[in-house]
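First, one chain by itself: the form predicted on its own, in structure tokens.
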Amino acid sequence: MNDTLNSGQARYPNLLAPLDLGFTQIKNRVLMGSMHTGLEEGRDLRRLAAYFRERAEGDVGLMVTGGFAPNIVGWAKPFAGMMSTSGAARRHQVVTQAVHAAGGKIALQILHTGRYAFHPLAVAPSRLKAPISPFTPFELSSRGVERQIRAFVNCAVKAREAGYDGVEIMGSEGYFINQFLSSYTNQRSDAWGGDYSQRMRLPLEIVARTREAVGPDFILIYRLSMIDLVPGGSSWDEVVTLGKAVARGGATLINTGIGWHEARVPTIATSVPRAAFAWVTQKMRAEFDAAGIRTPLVASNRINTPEVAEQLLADGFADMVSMARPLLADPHFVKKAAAGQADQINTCIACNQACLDHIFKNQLTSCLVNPRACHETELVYRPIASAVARRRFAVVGAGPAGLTAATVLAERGHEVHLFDAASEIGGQLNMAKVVPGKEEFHEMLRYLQRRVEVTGVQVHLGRGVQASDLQGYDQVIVATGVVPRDPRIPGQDHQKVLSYIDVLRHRKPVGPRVAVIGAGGIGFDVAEFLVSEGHSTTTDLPAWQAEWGVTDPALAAGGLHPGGPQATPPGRQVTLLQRKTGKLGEGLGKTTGWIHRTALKMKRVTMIGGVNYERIGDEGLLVSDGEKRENLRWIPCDTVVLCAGQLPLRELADALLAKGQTVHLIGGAHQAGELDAKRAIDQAARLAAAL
């Protein structure tokens, strides 16, 4: 064990080094960034305690909770988490005690949402409605501003009373404090508005008064918006001025905030390059060094492997790294890295599907690649009681559902045989990984392959099985996936017609003008694949910055290029079509759908809804509009790609049931849907935990 531990220490010496804060020490350079989970709400916080305890056991250096409002007007939504009374402090002790018992440290984030609040009591510096909330806030009076400052201070005092090791003052992402800093959202003419020296009074008062109230031996993190990515955002000189003042005013750590929530630039989605914004933290560190300021800085956003984190620290970009969703994906990230088991880390793929998408739909957060996240008390992989309880399972299909079921069953102690007719594991993931912007699926496959090896699943690839081959097993899990739906379009046997499988898996030649039939997730993926010609800006930071119009905030306030986004020309002329009326890609992720639509628009993809597919011929695709089939016209194209949905592939299950075998259907074989890996993995994990 010492050898593997030493190998981890040798490989990640900066990441695993302690950070001395004077009055306390953080065991390593990993800060678990704040995430809303839904567990913060209500009076019973035992599930939240279990969630943080598991990450403390995984040796995270310092954790930050999801945001807790300092008062009612600061709520994110009605009855959201709030810390303002001694009663609330007592309820939180179950969280802090659980973390401390596991050897961890935890800070409470103080989040006042200001005009982002989703309730009619919202307040802000000026009466300006945010584009992401239906409510227009009340403009605070000068006395009202003072009340908000006192609420921040009180919240910090109650957090200390609850046993927290510190607080994080949320000063970024376009929330309340940020709204005072920008002249766009702060149009006041009193002592809290006007020039920047007055607009920044609010955060400085909050930091100074909080430090005075909690004393010198309490961690005070300030989340500083280093690049706003919105029109009217702060200039670099303003950001530096505030950063220095906050550091000198009592902050223990300064964390990096990137972009307001209303920004039209993706900041944490899977298509964003890894560590895409670490340069702005490095830029601030140079300013601090020149001024002799030693307050540690934390880099954030899309840092999801120990290698990326180690390199940032080694190169002096920051003193710590903030990883939020990576610790949803694997609570033992740090412990595995330290033990020389980085190959067993379940990497965050930044899909947003079970974390941010859930929160914005008022659902409990979880994680696509780790369905136990936020469900630690209910989804438990208990070892089998004895050898007598050991069963022999066959799992047919080595896609996400089959791999999850097989590895959880094997981890619990069962004998598991995994079959797939393909020559490699992964199923549909092997198509997803080739789509520009989805390179992280390679990590998902890497992790699943390693899980198969570690848990001892016996894998049989290149072997299609029949019902008669599976009679010797106690139970069979069928995860055979899906087959493309037949859209029954006249002429679809034309030589110019391909399926999405032909394009993504078999790489069949595609012409310069393409009609993509079906605007679900697969249709969007195929369109992105075709217009990008295999080049992905996700692995090319300068190209990604140009594509989204991101620049140095020292050159343009807010970090938005004056010339706007500069996308490279599309590789093909693509038309994306769907039968349904309404917005194309409506079923895409709530927090990422706009990114996919914007990316395709920048690549000049034509999007048409509400069409009937009349015929495919030499001229291209013949379509009409609506129920009356009006406006009959040809869409000229050299290739037609069918992405018209999927159907469950369950013939094997039917045959097994006919033979009286115990069968479980999971994943696409159970419900084809939109090839929902989140649902498939969760379903597989819960089944395997219960068998």
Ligand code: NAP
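All residue numbers refer to positions in the sequence shown, first residue = 1. If you're wondering where the values come from, they're calculated on a predicted model, not measured in any experiment.
Absent from the display: the form predicted together with this ligand. The rest refers to it.
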Verify the contact flag for I517: yes if a non-hydrogen atom of it lies within 4.5 Å of a non-hydrogen atom of this ligand in the model of the complex, no if not. yes
Quick one: is P570 in contact with this ligand in the model of the complex, heavy atoms, 4.5 Å cut-off? no
Taking any heavy atom pair closer than or equal to 4.5 Å as contact, tell me whether W192 reaches this ligand in the model of the complex. no
Contact flag, Q646 vs this ligand in the model of the complex, heavy atom cut 4.5 Å: yes
Given that the partner is absent here, state which listed stretch (240-248, 385-393, 176-184, 484-492) has heavy atoms within 4.5 Å of this ligand in the model of the complex. 484-492
Of G166, G81, P306, G523, the only residue with a heavy atom within 4.5 Å of this ligand in the model of the complex is G523
Counting any non-hydrogen atom inside 4.5 Å, which residue from R446, K601, K77, K580 sits next to this ligand in the model of the complex? K580
Going through 603-634, which residues have a heavy atom within 4.5 Å of this ligand in the model of the complex? Please give them in sequence order. Y613
